[in-house]
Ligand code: UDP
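Have a look below at one chain only, the form predicted on its own, in structure tokens format.
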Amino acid sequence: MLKRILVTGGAGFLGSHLCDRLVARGHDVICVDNFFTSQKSNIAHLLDHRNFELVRHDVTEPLVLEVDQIFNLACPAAPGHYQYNPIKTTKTSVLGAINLLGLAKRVKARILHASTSEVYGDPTIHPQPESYRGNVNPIGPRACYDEGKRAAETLMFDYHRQNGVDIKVIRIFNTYGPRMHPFDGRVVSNFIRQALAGETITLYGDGSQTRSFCFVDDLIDGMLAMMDSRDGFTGPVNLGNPHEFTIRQLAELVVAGTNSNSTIEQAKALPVDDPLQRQPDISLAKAELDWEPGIELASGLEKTIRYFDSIDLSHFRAPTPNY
């Protein structure tokens, strides 16, 4: 059945790929974005589609729309961006959730909330299952994002319990792919940009910290599977690639994939509260959604490198002074 679907943060990296899929399925898609860290170029190819609509709006302000489903992806997600205006980041998570849950309650829409692996903080359990309650510093420089997302999850479940709102909550682990902002400061973007320019690839810390990298196509598959999952299944559900790599291994793969002469050096101290390990336990996603990622890191990096090599960096500006 075709639906009218709202995607907040729809011009961002993940949001634009999600809009592509929904438009291709024939749904009427309303993309809402305030363009703080996103790019109009991400959704320019959709503007002429009769079933796509773009609205410039900040989710900290209420929305009055009639929709069947809501995907809530609105929030800066790269550390430099969300730390640039930490109060605004918390407002986006908390007020955004309140406004969209209010909308979902009014029109009886199902709402999927994009939470994050950051709710686990610097984990003491590895890999991280959904039952793990996390190790988060509530007063650190990352807390605006970590705690904002945790509070948004609280609101989702309170609206569900108190008002019967139909919720779906996912926790997204590191995701990469075409349309990442080249100046978002994330490790994949930084390394590819440095390697293509023949610059030294700079590691934070000694590069032994680990991440699990999920290609965007796999992530969107999981997101759609969660929205379409059985009634009453709320999550939260981890979505990410369970194959773990050190940051140094990632750098080596990027150098090989770009045929670069770049050297790899430890150049910067590890940021405050930066997690040393990050790996999802996706047992629940496998059982409930029949989902697991299928794209290997080397293959996904090849597609991402090809994208970065095709864009003109002068057409992009760093959204914040952090990068």
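Everything numeric in this text was worked out from a predicted model, so none of it was measured. Numbers for residues come from their place in the sequence shown, where the first is 1.
One more form of this protein exists, namely the form predicted in complex with the ligand; it is left out here, but the text below deals with it.
Contact with the ligand, judged by heavy atoms within 4.5 Å in the model of the complex, is confined among 195-203, 103-111, 160-168, 128-136 to 195-203. In the model of the complex, none of the heavy atoms of Cys144 sits within 4.5 Å of a heavy atom of the ligand. Proximity of Phe191 to the ligand in the model of the complex: non-hydrogen atoms within 4.5 Å are present.
Residue contact check for Asp274: one or more of its heavy atoms lie within 4.5 Å of the ligand in the model of the complex. Not displayed here, the ligand is approached by Leu270 to within 4.5 Å at the level of heavy atoms in the model of the complex. Out of the listed residues Gln209, Asn99, Thr90, Ser229, Gln209 is the one that sits within 4.5 Å of the ligand in the model of the complex by at least one heavy atom. Proximity to the ligand in the model of the complex, defined as a heavy atom within 4.5 Å, singles out one entry of Gly121, Gly235, Pro79, Gly222, which is Pro79. Counting a residue when any of its non-hydrogen atoms is within 4.5 Å of the ligand in the model of the complex, the hits in 159-192 run Asn174, Gly185, Arg186, Val187, Asn190, Phe191.
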